[in-house]
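Presented below, as structure tokens, is a lone chain in the form predicted on its own.
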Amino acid sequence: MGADSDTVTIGSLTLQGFAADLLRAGGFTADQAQQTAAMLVWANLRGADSHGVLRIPRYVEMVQLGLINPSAEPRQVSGKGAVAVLDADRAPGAVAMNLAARTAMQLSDVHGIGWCAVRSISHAGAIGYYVQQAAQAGRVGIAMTASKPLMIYHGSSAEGVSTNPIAIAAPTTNPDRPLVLDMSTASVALGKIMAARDGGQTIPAGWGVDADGRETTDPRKVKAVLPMSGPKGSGLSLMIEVLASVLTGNPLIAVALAGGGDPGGNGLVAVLDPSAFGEDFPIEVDRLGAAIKGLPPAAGSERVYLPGERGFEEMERRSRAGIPLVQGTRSRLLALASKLKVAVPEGLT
């Protein structure tokens, strides 16, 4: 472990154990804590600190507020053929989405495709985590999640849609290096604004607006984020709400806009078995990737990257060197550990 005035570096296994201990002490069951900690540290390893352990204090608060139900027992409530609909009863998001991914995979074994919608979940974290599971098993994975209004709807001056993300993963001939696209429909994921706040940094213009609807570069003043590419981002978010929420009988946006409050969240995972379409799919994905990487780099760029490639390279670096925690995140985790009487790993104190 190493440290400087701004960051502390901690090994991934140590951090995952500490994260699980905090979640367990904060009300999660042991299994829920392990599943959630694994997802959060996966995000940290890939450099997506906005979706990593900085979320833990909020997750514990959500238990206290009743937004996460540690007693939840997700169950299937409907389905037909290759489709299953689960009700998660506000289970931790990682638990609900892991179950959706497993269910969709099982359905694809039988039908060639599996579509598992899961309603009434909490924050799902980095959804690339769930589609990567499918891709590493040689399948194509697609995931989406929906939540309350957090983003300006293009053409309006108020939050009208959420930052609903979409992730798609495809297998290559290397199971450890699938293609993984994981993107928010906002100009930036809300977690990156949280990370900037923790790091004491400003944010670029175009990321968010303040309570008066004016663009701000101060992450502490952000009231809502802006959509990616204007009408494209807000339109895609709206359609994810249709697929993940309206279709599953648990609409979020219309309910929230009419009555306020936090309606929770929904998610879906779809899995395709490439063998249903023919042979050699991973080989052809490799060929496509090689063609893209063979393009001449733009001025100022050293090389051309494929979706998810930077994350895998960062994961290799952080697996060796450790995960850096900025002072703001470290301070909040230590405060929570003190409150919950959780032992702090050496090097974090």
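Think of the rigid core as the biggest set of C-alphas that the two forms share within 1.5 Å after superposition. Predicted, not measured: the structure shown is a model, and the values here were computed from it. In case it trips you up, residue 1 is the first one in the sequence shown, and so on.
A second form of this protein, the form predicted in complex with another copy of the chain, is not displayed here; the remarks below concern that form.
Query raised in the report: Of 176 to 184, 90 to 98, 121 to 129, 193 to 201, which is the one stretch near another copy of the chain in the model of the complex, taking non-hydrogen atoms within 4.5 angstroms as near?
Result: The contacting stretch is 176 to 184.
Query raised in the report: Does residue 278 make contact with another copy of the chain in the model of the complex, using a 4.5 Å heavy atom cut-off?
Result: Close contact exists here: in the model of the complex, residue 278 approaches another copy of the chain to within 4.5 Å, heavy atoms only.
Query raised in the report: Do residue 251 and another copy of the chain come within 4.5 Å of each other in the model of the complex, heavy atoms counted?
Result: Yes, residue 251 lies within 4.5 Å of another copy of the chain in the model of the complex.
**Report entry** Distance check, residue 285 to another copy of the chain in the model of the complex, heavy atom within 4.5 Å
**Finding:** Contact with another copy of the chain, yes.
Report task. Find out whether any non-hydrogen atom of residue 264 is located within 4.5 angstroms of another copy of the chain in the model of the complex, and reply yes or no. Result -> Residue 264 lies outside the contact set for another copy of the chain.
Query raised in the report: Just one of 137, 255, 105, 150 has a heavy atom within 4.5 Å of another copy of the chain in the model of the complex. Which one?
Result: Spelling it out, the residue with a heavy atom inside the cut-off is 255.
Query raised in the report: Looking at another copy of the chain in the model of the complex, is some heavy atom of each of 65, 222 and 315 within 4.5 Å of it?
Result: Result no, not one residue of the spot touches another copy of the chain.
Query raised in the report: Using a 4.5 Å cut-off on heavy atoms, which residues of 271 to 307 contact another copy of the chain in the model of the complex?
Result: 272, 273, 274, 276, 277, 278, 279, 281, 284, 285, 287, 288, 291, 292, 295, 296, 297, 298, 299, 301, 303, 304, 305, 306, 307 sit within 4.5 Å of the partner.
Query - Post core alignment: residue 115 C-alpha displaced by 2 Å or more between the shown form and the other one - result: No, the C-alpha position differs by under 2 Å between the shown form and the other one.
Requested in this report: With both forms fitted on the core, give yes or no for whether the Cα of residue 247 moves by 2 angstroms or more between the shown form and the other one.
Outcome: Where the cores coincide, residue 247 shows only a C-alpha shift between the shown form and the other one that is less than 2 Å.
Query raised in the report: Quick one: residue 192 and residue 298 C-alpha atoms, closer or farther in the model of the complex compared with this form (3 angstroms or more)?
Result: Compared with the shown chain, residue 192-residue 298 is closer in the model of the complex.
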